[in-house]
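Only one chain is included here, represented as structure tokens and corresponding to the form predicted alone.
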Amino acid sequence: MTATGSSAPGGGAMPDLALAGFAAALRYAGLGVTADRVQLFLQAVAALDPTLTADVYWAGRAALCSGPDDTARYDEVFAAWFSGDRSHGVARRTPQTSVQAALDEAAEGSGDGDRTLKVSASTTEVLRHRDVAELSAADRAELARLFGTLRPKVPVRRATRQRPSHRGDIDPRRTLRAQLRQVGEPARVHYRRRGVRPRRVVVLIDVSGSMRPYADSLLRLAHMMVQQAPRTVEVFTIGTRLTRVTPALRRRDPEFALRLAGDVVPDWSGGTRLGEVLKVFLDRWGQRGTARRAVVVVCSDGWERGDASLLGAQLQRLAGLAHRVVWLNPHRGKRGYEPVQAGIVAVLPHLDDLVAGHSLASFAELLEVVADA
């Protein structure tokens, strides 16, 4: 690949859809392109001149390549995607089917030789990174289907009791008993080690008016987590009241489960009193053990209409009980976001993770954070 200063195909700025499709093609070719890298790539192109091929090339090479080993394949994909020369070919390393790209060029009628590049990126891959609040009804239906591609994993913790094992510490009691059975003759040495047990996960979903565009997707995400571990995942909604929706989300069918959850939540799209509701949660459930040593995920934009200091105090209590506190904020993954709201400022010192939660890709990243907690 030779990056020149020539104008981009079409002579105009390439849309984000084409650039996102190029990033998807790189991922399809085997590069480790994450959502953060794609966002950095789009920001870099916007800061440079998106009409110049060289600027797009170097912005992508700096943002999307993980190391020197990625350079050759990056050049191949860049040539195939932006030049329209299919002879370069986008080699596929893994058998994925979620990304498809087609290049068409219409050279006829262009007097200066410029070619119009038409890019058809995979709608599935693009949909994974779109803000769920901006989706149409059809896209939401497709997104509901894509939730089935998420694979939540249950976090684990070391068990207190030790169990017989083939390795680990010597079990003196079992070893001595074995020798007694052999009348003092040398016998087999027995070992023991601590096993692992699933760690409890608690999900608190803000259903106030400001979180309305995301509440449905967050409940779908919680439904998948409950289905994966129905005995160790608890889900509550918060707004002006605290409502336990775990029994409803234990229904296997997601649509039926969400309808049941909607029937029992009295404060949909209402106000926000996060501090007071979290106090109720800690008084009724936290001290009783539900949140103790659990991974607690709070899904909220942090718009607190009540006393922000009360919210901060309750998060401090929660941090003292829980194993890890993760705050999911839908605005965290958007360009220009700054955690300056009074509620977020009050809780930030007590959080272990502040993650994004506006797209399917960000939901998948949240599940990884929970699994690794």
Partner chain sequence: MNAVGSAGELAGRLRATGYLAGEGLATVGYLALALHRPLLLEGEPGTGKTSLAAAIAEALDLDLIRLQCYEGIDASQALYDWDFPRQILHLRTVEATTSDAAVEEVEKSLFDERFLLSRPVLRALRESPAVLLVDEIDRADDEFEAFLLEVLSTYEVTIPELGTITAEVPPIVVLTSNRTREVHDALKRRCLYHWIDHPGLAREIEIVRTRLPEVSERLAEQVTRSVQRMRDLDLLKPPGVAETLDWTRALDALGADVLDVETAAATLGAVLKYREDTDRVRESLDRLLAS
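Note that the rigid core is defined as the largest set of C-alphas that superpose within 1.5 Å between two forms. Residue numbers count along the first chain shown, from 1. Keep in mind that this is a model prediction, so the values were computed, not measured.
The following text describes the form predicted together with its partner chain, which does not appear among the structures shown.
**OP:** Name the residue from Arg252, Arg288, Arg140, Arg212 that puts a heavy atom within 4.5 Å of its partner chain in the predicted complex.
**Re:** Comparing distances to its partner chain in the predicted complex, the residue within 4.5 Å is Arg288.
Original post:
Considering its partner chain in the predicted complex, which of Arg145, Lys153, Arg197, Arg188 comes within 4.5 Å of it through any heavy atom?
Top reply: So the residue touching its partner chain in the predicted complex, by this definition, is Arg197.
Subject >> Heavy atom of Arg157 within 4.5 Å of its partner chain in the predicted complex >> reply: Arg157: contacts its partner chain in the predicted complex.
**OP:** Indicate whether Leu40 is a 4.5 Å heavy atom neighbour of its partner chain in the predicted complex.
**Re:** Yes, contact at 4.5 Å.
Original post:
Contact between Asp283 and its partner chain in the predicted complex at 4.5 Å, heavy atoms?
Top reply: Answer yes; at least one heavy atom of Asp283 falls within 4.5 Å of its partner chain in the predicted complex.
**OP:** May I ask you to state whether Ala72 is within 4.5 Å of its partner chain in the predicted complex, using heavy atom distances?
**Re:** Ala72: no, not in contact with its partner chain in the predicted complex.
Original post:
Where, among 263 to 271, 172 to 180, 72 to 80, 214 to 222, do residues come within 4.5 Å of its partner chain in the predicted complex by heavy atom distance?
Top reply: Partner-contacting stretch among the options: 172 to 180.
**OP:** Can you tell me which bits of 328 to 343 touch its partner chain in the predicted complex, meaning any heavy atom within 4.5 Å?
**Re:** Contacts from 328 to 343: none.
**OP:** Could you check whether the CA atom of Gln314 moves 2 Å or more between this form and the one not shown, using the rigid core for the fit?
**Re:** Shift of 2 Å or more: no.
Original post:
Cα of Thr53 displaced 2 Å or more between this form and the one not shown, core superposed?
Top reply: It does shift by 2 Å or more.
Subject >> Core superposition between this form and the one not shown, C-alpha change of Gly336 at least 2 Å >> reply: No.
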